[in-house]
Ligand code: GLC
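Here we start with a single chain on its own, the form predicted on its own, put down as structure tokens.
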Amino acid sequence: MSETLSTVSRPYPHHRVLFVDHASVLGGAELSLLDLAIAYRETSQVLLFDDGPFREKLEAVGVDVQILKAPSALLAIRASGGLSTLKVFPALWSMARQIKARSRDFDLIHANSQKAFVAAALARWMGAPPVVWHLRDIMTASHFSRLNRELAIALANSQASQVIVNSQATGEAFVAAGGKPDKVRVVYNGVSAQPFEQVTSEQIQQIRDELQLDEDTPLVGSFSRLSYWKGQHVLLEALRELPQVHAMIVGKALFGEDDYATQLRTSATSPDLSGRIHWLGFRNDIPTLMKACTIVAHTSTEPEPFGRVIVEGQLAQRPVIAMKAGGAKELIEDGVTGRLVPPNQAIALGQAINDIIESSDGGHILAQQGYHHAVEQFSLETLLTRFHHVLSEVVEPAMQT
């Protein structure tokens, strides 16, 4: 039986962690933090900069959550913004003072996002407990302005005890940007297989019935927020040449990217796609939806730091196609545990989809090998064991001083 958060042995309870995150929505970083917060909920607390679905999710599983409301200007700032970062520095300073005050009863602060880290690093400079930055983004010019990169790296080098990264690719980008290599600790995300194993054939059939698809109709699933760099448009372009294939688009625009979502929907009304693209929006039944698919596609146009959807697709025992960049190359061995294709190449993606559909086993062997790889390498037990080890490197020396 696969592990769940209730059956996985928890890390040592004496680690009192103040988890800090700026987000209120349920993105991939927040889902990963949810696993950690549940494991440490007896001794720890989550501090959020805004209220929303993430707070509700944490409270529903018994995690102590507090809201430290940040100014709207701070929440609205984008990582790719430049001088706008300087304008919100007074707000960051104020948040840092409040984090310092709230961290007195904790052994360390775990910052789950860049905004949270900058505030936590300033709090550390003021005398707060040690700070661990959980870096879940590839720090390149595509996503971070030069000023934001330099600020984050400077604070990481001077104030962070460790920088946890979710893949080798994330760590290499951190070092390339000027980060100290000796601070980097790789901790891959962990995902439980149990929710996927609990899906019944009746539930799968119900999804197919809702979409008015018979069991033989190829269905490619895309699971991500609607964003240009997540590449849903690449999938749509690929399907123009595959008239027998349908697509399930699961997710919605989260960060001011509604124009892109509108463009996607408009594109899907073209004669060569009309009736084949199914828009499901935000859903909580991801395991069932994935198992209703023939293939799971992960189509990011930029290097993905980790790619939780890739592991989830493998755990759903479906063949996964991902872009050959970033963390995806660490999750998939091309042709063995999934397929890798060049980013932004709709023709290559379409060919990979067609190859799987036309293969003699329908991608079954690829799916099974991907499943076993995910279970062995990306379990919750592995995540929590490694995470505890990294925290111990920080907490135990601090206790001795």
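Small disclaimer: the values here were computed from a predicted structure and weren't measured. Numbers follow the displayed sequence, beginning with 1.
The protein also exists as the form predicted together with ligand GLC; that form is not presented, and the subsequent description refers to it.
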(Q) Can you tell me which of 147-155, 203-211, 258-266, 297-305 lies within 4.5 Å of ligand GLC in the predicted bound form, counting heavy atoms only? (A) 297-305
Q.
Please tell me whether the candidate spot formed by S44, S103 and P129 is one where all three residues come within 4.5 Å of ligand GLC in the predicted bound form (heavy atoms).
A. no
(Q) Just checking whether Q162 would be counted as a contact of ligand GLC in the predicted bound form - the rule being heavy atoms within 4.5 angstroms. (A) no
Q.
If we define contact as a non-hydrogen atom of the residue within 4.5 angstroms of the partner, is S32 a contact of ligand GLC in the predicted bound form?
A. yes
Q. Hey, in the predicted bound form, does S113 get a heavy atom within 4.5 angstroms of ligand GLC?
A. no
Q. Can K291 be called a contact residue for ligand GLC in the predicted bound form at 4.5 Å between heavy atoms?
A. no
Q. Looking at ligand GLC in the predicted bound form, which residues in 96-126 have at least one heavy atom within 4.5 Å of it?
A. none
